[in-house]
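As a starting point, one isolated chain is supplied in structure tokens, in the form predicted on its own.
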């Protein structure tokens, strides 16, 4: 039995120490400072990069430290989450420590009789003597409290009348609502951090992509740029369609700060540019070999076959590279950069429906390689092109967003309670002496003493001037 009691005492002491630890203001300050410091660290050090990247920027030694401590993915690291959970536990314990007695005091307003001498001890008090009996003065006090919206409890003791009135008691819950809002925001942040993701995709007009972890697709129907009269970019827009279950579920125009939301996933317009591996239209012209004269360019849409006037040939555009390069080791071609430094198109050349050639031809170096066998009297030149614009979309899934918004709303309500509502309590003693009623008024307020002084003056003036407005 002694061991059981000893064990319980030990457990009780340990529990008390844990409770005291999480109820500590020092813990609150320490966690907040730590979160601020590591958040700055996460901003300074680029996130989600490779070990090689950090080795190149910070050196091999510090790169090992970054990877070991998960600073490369700081906001998803176990120790950052531990800090958030410690802050949440601190908020919960502090709230439970202070809320029950506060709630009990809000519910218990029973102040039937009190010692009238306490009124003189209040920093805010008034005394009024009126030439009416106590019952009349008592009625006036009741009317002014009702007019001012106070809750009132009254009592009588012989010829004495007692009032206890209060207003704005809910303002005391402002800090508790703020604590609850912080818990909601922390919960939403943690849920969004682990259950959500951020991705980036670029889509060419007409293409469709699979949305990560979503079960539906997104198609880019159109992309265009709005410009000012000066030619500067005003806005860039994408017309996108959600394809869910093989059917078009939603079509919407999006632009910066106007995303598309579908099934908890948001698509933001974040970038645009010219595709490096596809164009909309190539302008192909016939060239006479003997004279070098170039005929009128023919617009050839991507993937379509067009006849070259004045020749027996037709062409189809099947490939494009913005910065053409040839790798001798692998015998392959590719683009060095996304920039149009050396644009080239691959075309298929047909004669009477028969494919005779599929060369690469260059915009900046026309005729460097013959597109048509040299024994023919005509060749082909690539004179211009219309690029295919791509739309860069940020794809964000954050299931904690609604929880964070709920926390923000609760925090707003808490701020209103804390800063724009005032808890005031008033005690009034009415006593008849020598045919006159003596009314003593006093009370306290948690903030805004100027407002409280004004209200006490209003009560006193109402009683003294028989309820007439001044």
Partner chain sequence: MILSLLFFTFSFVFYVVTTLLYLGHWAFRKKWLGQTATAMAYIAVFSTTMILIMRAAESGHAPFSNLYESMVLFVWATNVGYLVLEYKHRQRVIGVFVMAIESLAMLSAALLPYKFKSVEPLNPALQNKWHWMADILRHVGLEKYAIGWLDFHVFTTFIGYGAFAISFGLGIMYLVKGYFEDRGRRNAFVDIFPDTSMLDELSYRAIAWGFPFLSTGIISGAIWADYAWGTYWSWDPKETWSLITWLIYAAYLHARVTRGWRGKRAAYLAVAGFLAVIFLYWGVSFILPGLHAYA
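Predicted model only: the values in this text are computed from it and were never measured. Residue numbers count along the first chain shown, from 1. Note that the rigid core is defined as the largest set of C-alphas that superpose within 1.5 Å between two forms.
If you look for the form predicted in complex with its partner chain, you will not find it shown, but the lines that follow are about it.
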Counting any heavy atom within 4.5 Å as contact, can you tell me which stretch out of 155 to 163, 175 to 183, 367 to 375, 324 to 332 lines its partner chain in the model of the complex?
175 to 183
Heavy atom of each of 188, 228 and 268 within 4.5 Å of its partner chain in the model of the complex:
yes
Only hit among 243, 261, 256, 118 for heavy atom within 4.5 Å of its partner chain in the model of the complex is 256
Sort through 236, 302, 360, 145 and report the residue having a heavy atom within 4.5 Å of its partner chain in the model of the complex.
236
Partner proximity in the model of the complex: residue 405 to its partner chain, non-hydrogen atom cutoff 4.5 Å:
yes
Would residue 422 count as a contact of its partner chain in the model of the complex, using a 4.5 angstroms cut-off between non-hydrogen atoms?
yes
Quick check on residue 280: any heavy atom within 4.5 Å of its partner chain in the model of the complex?
no
Answer for residue 450 alone: is it within 4.5 Å of its partner chain in the model of the complex, judged on heavy atom distances?
yes
Just to make sure I understand: among 304 to 331, which residues lie within 4.5 Å of its partner chain in the model of the complex, judging by heavy atoms?
none
Superposing on the rigid core, is the CA of residue 84 displaced by 2 Å or more between this form and the one not shown?
yes
Superpose on the rigid core, then tell me if the C-alpha of residue 400 is displaced by 2 angstroms or more between this form and the one not shown.
yes
After a core superposition, would you say residue 35 shifts its C-alpha by at least 2 Å between this form and the one not shown?
yes
